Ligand SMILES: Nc1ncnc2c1ncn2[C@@H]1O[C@H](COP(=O)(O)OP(=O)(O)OP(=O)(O)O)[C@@H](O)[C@H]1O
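The chain below stands alone and is given in structure tokens; this is the form predicted alone.
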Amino acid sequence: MNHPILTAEGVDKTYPSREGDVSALRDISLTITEGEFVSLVGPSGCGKTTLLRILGGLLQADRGGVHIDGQILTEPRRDIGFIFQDPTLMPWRSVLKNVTLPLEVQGRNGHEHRKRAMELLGLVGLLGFENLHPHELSGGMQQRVAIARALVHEPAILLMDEPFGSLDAITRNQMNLELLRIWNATRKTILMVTHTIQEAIFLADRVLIMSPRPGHIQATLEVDLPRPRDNEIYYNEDFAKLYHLVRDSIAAA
């Protein structure tokens, strides 16, 4: 059995406002094991992004704590990678130079690291595009660059915040298949926020369901569907049952 790599215990977060303090998260506890793919769903405004930022060290919890591989998390770490809805690529840099940017920031740029970046561009299907600039790429291709950039410094954990939310339905479906292929090849630990129930189930080993604000984990569903997965799984009776369980759990809240 894989060991726990990311844990949160009793996490609370409150924001000040003109009308008084707003409780965003309340008593969040979770455990994610090494190599696991977990989806996080819930109604808009329930604190999914806030939780993701706390788990990545970008925000501090008001109460409770986060541990990465047994060590308390107090700030961003090299072994955590982020992928956001906006690829946030540097428009003046080529595809290859966007991918190698984290290595440059860490002072690790060199021949071996350029070689690693090219390997990742191959993994995400962008070999031959390394000298293009972001404006010359489609939205899906830009997000593939963002995935390669997030992987280039070999993080143990990927935190993904609605990474395909701005893509059209066809491209989003293609990117789901690509993400599964990349996960199968790398077996990175992934926690992904999504508003799409089908996407959450299709990708994950488990789905965590958050309540309305103040957000807490109100349910966890095991996705006991065979891997590898393709689009045929959408017609699986067990997939439909899981979809209704997740939908009903969110609606009940």
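Note that the structure is a prediction, hence the values are computed from the model and not measured. Note that residue numbering begins at 1 and tracks the sequence as displayed. Between two forms, the rigid core is the largest collection of C-alphas that superpose within 1.5 Å.
The same protein has a further form, the form predicted together with this ligand, not shown here; the description that follows concerns it.
J.: Just give me the single entry in Cys46, Ala204, Ile209, Ile54 that has a non-hydrogen atom within 4.5 angstroms of this ligand in the predicted complex.
T.: Looking at the other structure, the residue within range turns out to be Cys46.
J.: Hey, of 65 to 73, 38 to 46, 196 to 204, 180 to 188, which bit sits against this ligand in the predicted complex at 4.5 Å between non-hydrogen atoms?
T.: Contact criterion met by 38 to 46 only.
J.: Verify the flagged residues Asp168, Ala240 and Tyr243 against this ligand in the predicted complex: is each one within 4.5 Å by a non-hydrogen atom?
T.: Verified in the predicted complex; spot residues all out of contact, no.
J.: Can you tell me if Arg213 lies within 4.5 angstroms of this ligand in the predicted complex, counting non-hydrogen atoms only?
T.: Because a heavy atom of Arg213 falls inside 4.5 Å of this ligand in the predicted complex, the answer is yes.
J.: Determine whether any heavy atom of Tyr234 comes within 4.5 Å of a heavy atom of this ligand in the predicted complex, and answer yes or no.
T.: No.
J.: Any chance Ala24 has a heavy atom within 4.5 Å of this ligand in the predicted complex?
T.: So Ala24 counts as contacting this ligand.
J.: Is there a heavy atom of Glu162 no more than 4.5 Å from a heavy atom of this ligand in the predicted complex?
T.: Glu162: contacts this ligand in the predicted complex.
J.: If you line up the core, does Phe82 shift 2 angstroms or more at its C-alpha between the shown form and the other one?
T.: No, its C-alpha moves less than 2 Å.
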